[in-house]
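In structure tokens, one chain follows: the form predicted on its own.
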Amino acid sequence: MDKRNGISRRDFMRDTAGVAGITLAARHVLLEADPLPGAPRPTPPSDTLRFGIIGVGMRGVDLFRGALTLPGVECAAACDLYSGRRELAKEILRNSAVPVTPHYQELLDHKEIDAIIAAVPDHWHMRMVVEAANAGKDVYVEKPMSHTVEQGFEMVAAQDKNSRIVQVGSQRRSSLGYIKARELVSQGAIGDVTLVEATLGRNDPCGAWQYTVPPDLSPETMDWETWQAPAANHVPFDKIRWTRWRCFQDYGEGMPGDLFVHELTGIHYVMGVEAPPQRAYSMGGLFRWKDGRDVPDELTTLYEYPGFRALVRVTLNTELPEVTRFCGTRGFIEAYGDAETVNVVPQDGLDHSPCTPAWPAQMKADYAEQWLAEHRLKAGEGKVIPETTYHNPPGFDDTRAHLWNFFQSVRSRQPSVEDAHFGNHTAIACHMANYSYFQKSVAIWDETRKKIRG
């Protein structure tokens, strides 16, 4: 474009290359982790922590195997109501002399067990935590912490009354990427964060909880009555409800309890949230997986927190990259997956070219010349900020790190990285998403009454 009639975008980009805040090519940084122990090594009996695991299902298997790799930690007993999973527990233990039982109370009564890993369906979480704490055991309980709002406060009371270590198993609290994101946000690296967006999508039957029913599953191989005992509604033996319990409100919370909770854990940690959200509004539906479930397969919830808003969007109908984006006045941070990679994109929030919409050409050109003269930096002035990508070190496993943090708290009696108070706030946010969806109303957190109202 002729200078007499204006100035082109290309000219602006060239002429303003010295303006503060221009982003350079990205740099890559490998995150550093506190050295986690390698393979188990001999530990004096007096220093060994002994755990019992209750629930050897899909998640329980990962926790079981992960815990067995930690030094100074050994399994004293395992429990599951289904005979097939008791057999699996024996395989994991390599047919050792460790007892495997269908009776969880035996683990709570076991004098040599220091801690319980409870990888059970959500409707069992409160009973596991309260009974374990009352029995003098520390407990690692899977996410979400509670099945109802009321149960969450009972679990907090049990932790505090018994001075027990309770850790909720949402491993992003031990993620190196989220630790780095929290550090950057607290330092003001992206200014004031006013919006957080989290997106996750799956597109397969297993991802939509249509787990394959074990061929031998029956009332003879699985104690159905005990399994459903804490549920609000009791029904005759149903192999689908047992195998695919996440699909039913009697036992789980659908997408908020299985998937939102991870996103919310990261958001609460990074943003320093120490209370449930003030309000939530959900919109979604059951569009595809109409298999008898009573929860949606697509859900979007907008949360109101003091100082920022959070939008969580999850679908079981389309495979999507999992990303949580923290949007600030001076840039944004993107955490991918469990924050294996964290990308920081700085912005300065300033004009990098004259803002002269709909001006006559000569007026525009005269102002542009003046603007460039005033905004061009002198040698040595300004700070050029590069885009930075942080990566996990090779082999880092946040589940294993989360377990290690739990056992270190058990050993040191220092607070858990994700205790019942933190877990309760996150679980309430999940309950608010469901409340809004099923009640077709805004969910408001009533702090005084400790309940959700419409």
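These numbers were taken from a predicted model, which means no experiment stands behind them. Each residue number is its position in the shown sequence, starting from 1.
As for the form predicted together with a small molecule, it is not shown, yet the points below apply to it.
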Next item on the list: Identify, from the list 65, 27, 59, 411, the residue with a heavy atom within 4.5 Å of the small molecule in the predicted bound form.
Entry: 59
Note to self: Give me the residue from 242, 308, 153, 289 that has a heavy atom within 4.5 Å of the small molecule in the predicted bound form.
What the structure shows: 242
Check: Does residue 262 reach the small molecule in the predicted bound form if we count a contact as any heavy atom within 4.5 Å?
Finding: yes
Margin query: Against the small molecule in the predicted bound form, would residue 184 count as a contact residue? Criterion: heavy atoms within 4.5 Å.
Written below: no
Next item on the list: Using a 4.5 Å heavy atom cut-off, state whether residue 81 contacts the small molecule in the predicted bound form.
Entry: yes
Notebook entry, point to check: Looking at the partner-bound form in the predicted bound form, is residue 428 within 4.5 Å of the small molecule by any heavy atom?
Noted result: no
Margin query: Counting heavy atoms only and using a 4.5 Å cut-off, do 54, 104 and 227 all touch the small molecule in the predicted bound form?
Written below: yes
Next item on the list: Specify the contacting stretch among 185-193, 163-171, 353-361, 298-306, defined as having any heavy atom within 4.5 Å of the small molecule in the predicted bound form.
Entry: 163-171
